[in-house]
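Okay, here we've got a single chain as structure tokens, the form predicted alone, with questions on binding and movement later.
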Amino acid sequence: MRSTNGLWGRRSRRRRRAALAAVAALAAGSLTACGGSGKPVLNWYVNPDGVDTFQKYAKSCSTDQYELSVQLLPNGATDQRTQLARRLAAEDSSTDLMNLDPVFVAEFANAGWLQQVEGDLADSITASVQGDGDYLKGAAETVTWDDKVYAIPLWANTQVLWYRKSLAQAAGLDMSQPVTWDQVIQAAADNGGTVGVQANKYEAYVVWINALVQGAGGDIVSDTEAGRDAKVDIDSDAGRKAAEIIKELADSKAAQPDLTVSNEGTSLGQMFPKDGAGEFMVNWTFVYKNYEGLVGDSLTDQQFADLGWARYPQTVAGEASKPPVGGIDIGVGAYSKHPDFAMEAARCITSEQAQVDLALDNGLMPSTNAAYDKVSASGDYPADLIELFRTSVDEGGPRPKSAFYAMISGAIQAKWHSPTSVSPGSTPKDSATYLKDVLEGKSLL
């Protein structure tokens, strides 16, 4: 997942404005075509990332039998879910294809809102879950529910630790070795730097909390197949360790001024500030292309060369971190009037070449090993960064796969926000009680 609120590079903003304008023009054109030609027009609801590439594939994947029309969803994952869920709950036949944050696939599948993926593609995805297929294991796991496949992975996102090499050097950190959150926060605080995270009251804050908890060997919830009777685990040593780290950052000089409303975009601007040492920042794969696009504009070659990357920080020293796993999966609406056409189009827009184009043009990494190999061979990314992305997806930690995930996320946000209010002694316990009540229908979000 990724929200595009906040600060972006100038070139990224220009590209996005142009893309959005083109989407509007494309949508208008499609409506005209629908009324005049009689050829079915399939609506493809997309998130705002990679829209220029989506437009390209909407055109190239249209056939003599149908056309694809790109429809833009809101920025945030939660808002995207709300809009799609409202349509599907009303059995909207015009929702033919949709970009889904992986964490919502289980809910949509459980509700009967998605067409099941079958045949050779489903077999390949299922084999990949076992580590023996075309897809990255972490990506394949996001589209399965109740031993069936309900979507097709498009891109597989993950977070790494981005940082200024000069800042790490000043702190004496050996970034070739795993580093902990404690080390990163202390290093930034002692050397005039900051730590960038996503701590606004939205889905990305749950992404951070989940990674911290999993990095300490715990879970927010488990036995999620039990639905409302899932086991709530966050009141644990792992939950308390996660709360300790959030409190440590909130109380530190390394906290950025906008910590309580920070998002993926706002933290970008702290890497190369006008004054200051820069930052350590956890963020998604698009970061490299974002800064690369600023070279010659607001960044120098020397500044860009000072950008470093490393595996997501450890919650507990010596225990492997669990990098967040996100991305986008393509689902076909259960009420589409043209399910066969929509499934054919979904296969086309998740093709190997489409994944390569999204990586090279938009910084959104592939979900298949073959596409990853092509991106690696392109030379557009440093080889060690490509390997870090791939490893982080396969060894990362997904958010809870539950038909009630929206409730789980909302309950966690309610009790863990703001980060300045988090207390290891009370927040994990309070949030566990509230989450359990919400799942059991005793409390409302």
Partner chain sequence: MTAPVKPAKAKPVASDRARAETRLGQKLVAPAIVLMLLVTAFPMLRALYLSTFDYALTAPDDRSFVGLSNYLTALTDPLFWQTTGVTVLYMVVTVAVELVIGFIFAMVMHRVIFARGVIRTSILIPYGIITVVSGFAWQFAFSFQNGFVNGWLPFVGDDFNWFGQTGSAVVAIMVSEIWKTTPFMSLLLLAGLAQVSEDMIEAAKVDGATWTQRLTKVILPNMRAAIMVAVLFRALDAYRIFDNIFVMTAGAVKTESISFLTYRQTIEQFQLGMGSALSVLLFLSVLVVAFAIVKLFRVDLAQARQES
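Numbering follows the first chain given and starts at 1. The structure displayed is predicted, hence computed values, not measured ones.
Keep in mind that the form predicted together with the partner chain is missing from the display, and what follows is about it.
Here the chain stands alone, but in the predicted complex its contact with the partner chain, taken as any heavy atom within 4.5 Å, falls in 83-91 among 214-222, 316-324, 347-355, 83-91. Contact annotation: of the candidates Tyr45, Tyr57, Phe404, Tyr381, the single residue with a non-hydrogen atom within 4.5 angstroms of the partner chain in the predicted complex is Phe404. Among Tyr205, Trp155, Trp113, Trp284, the residue placing a heavy atom within 4.5 Å of the partner chain in the predicted complex is Trp113. Although the partner is absent here, Glu244 sits far enough away that none of its heavy atoms falls within 4.5 Å of the partner chain in the predicted complex. In the predicted complex, the partner chain sits beyond 4.5 Å of every heavy atom of Asp306.
Not displayed here, the partner chain is approached by Arg228 to within 4.5 Å at the level of heavy atoms in the predicted complex.
In the predicted complex, none of the heavy atoms of Asp235 sits within 4.5 Å of a heavy atom of the partner chain. Residues from 46-73 do not approach the partner chain in the predicted complex: none has a non-hydrogen atom within 4.5 Å of it.
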